[in-house]
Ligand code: MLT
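Single chain ahead, by itself, as structure tokens, in the form predicted alone.
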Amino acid sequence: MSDSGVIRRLDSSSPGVLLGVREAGEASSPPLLFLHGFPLHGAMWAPQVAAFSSEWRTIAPDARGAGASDVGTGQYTMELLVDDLFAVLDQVAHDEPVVAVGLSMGGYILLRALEREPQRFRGVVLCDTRSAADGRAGKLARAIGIRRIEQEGLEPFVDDFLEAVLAPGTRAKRPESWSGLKRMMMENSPIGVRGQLLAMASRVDTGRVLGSISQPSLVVNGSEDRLTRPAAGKAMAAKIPNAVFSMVEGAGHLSSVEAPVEFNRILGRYLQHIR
């Protein structure tokens, strides 16, 4: 992965816990926030930072327990991760609304943040994510993941996760993407990964907020996403007033990493509209 910005360590919503925040671009440029997927960190957005930091001030926080962020207690809720996001925005964006891009877990955080404090956002991009909370099977799968990491360590979980989230054939066709993603995932604390699994299992359904999103919105899905299928992305976009749905052909659940050129073309067109 290429350089994804200068990392600062900023206050979280908890005393003594610091969060790594990657920033690039001019301080006078409008802020563009990137919220990473699970179990990655902010460096996953390196292709987007490289593409857009000449016109935008890019901000890519590491969620609690990921990347350069402190682990804290390891007992996370989605509300805590949203509190952390607001703490970051207070320090880097102040009162200026941001255009926010959230992928997978980052989309969960963004949707709940929109429900709580919509005035903080001037644009919304939801990538390979959904508003529905985990059902019974999903919650049990999170619990199994937590137990597996405790018993076997992080690497077996990461290997199986990559097989599930990437488009079929990605490992053979683009081994450098596979190895880069695995390296990034393995940089995270196992305690932090378990905490994020716990937070995702505890999240509430945010479907009620979709109809009230007034910001210009874009929903993006990888065409080969087996976790959040394109039909689910289209259905979510249909509930957001004036949202646009776009497909990243050939990409799986991590569309911004698997097909960065096409993803950036779609995002760039949206950002031109915002500007």
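Since we're looking at a predicted model, the values are computed, not measured. So that there is no doubt, residue numbering starts at 1 and follows the sequence shown.
The same protein also exists as the form predicted in complex with D-malate; that form is not shown, yet it is the one meant from here on.
Looking at D-malate in the predicted complex, residues Y108, R130 and F161 each place a heavy atom within 4.5 Å of it. Here the chain stands alone, but in the predicted complex its contact with D-malate, taken as any heavy atom within 4.5 Å, falls in 37 to 45 among 63 to 71, 37 to 45, 243 to 251, 208 to 216. Interface residue among V99, L114, L166, M200, judged by heavy atoms within 4.5 Å of D-malate in the predicted complex: M200. Contact annotation: R120 falls outside 4.5 Å of D-malate in the predicted complex, judged by heavy atom distances. In the predicted complex, D-malate sits within 4.5 Å of a heavy atom belonging to L227.
Using a 4.5 angstroms threshold between heavy atoms, S104 counts as touching D-malate in the predicted complex.
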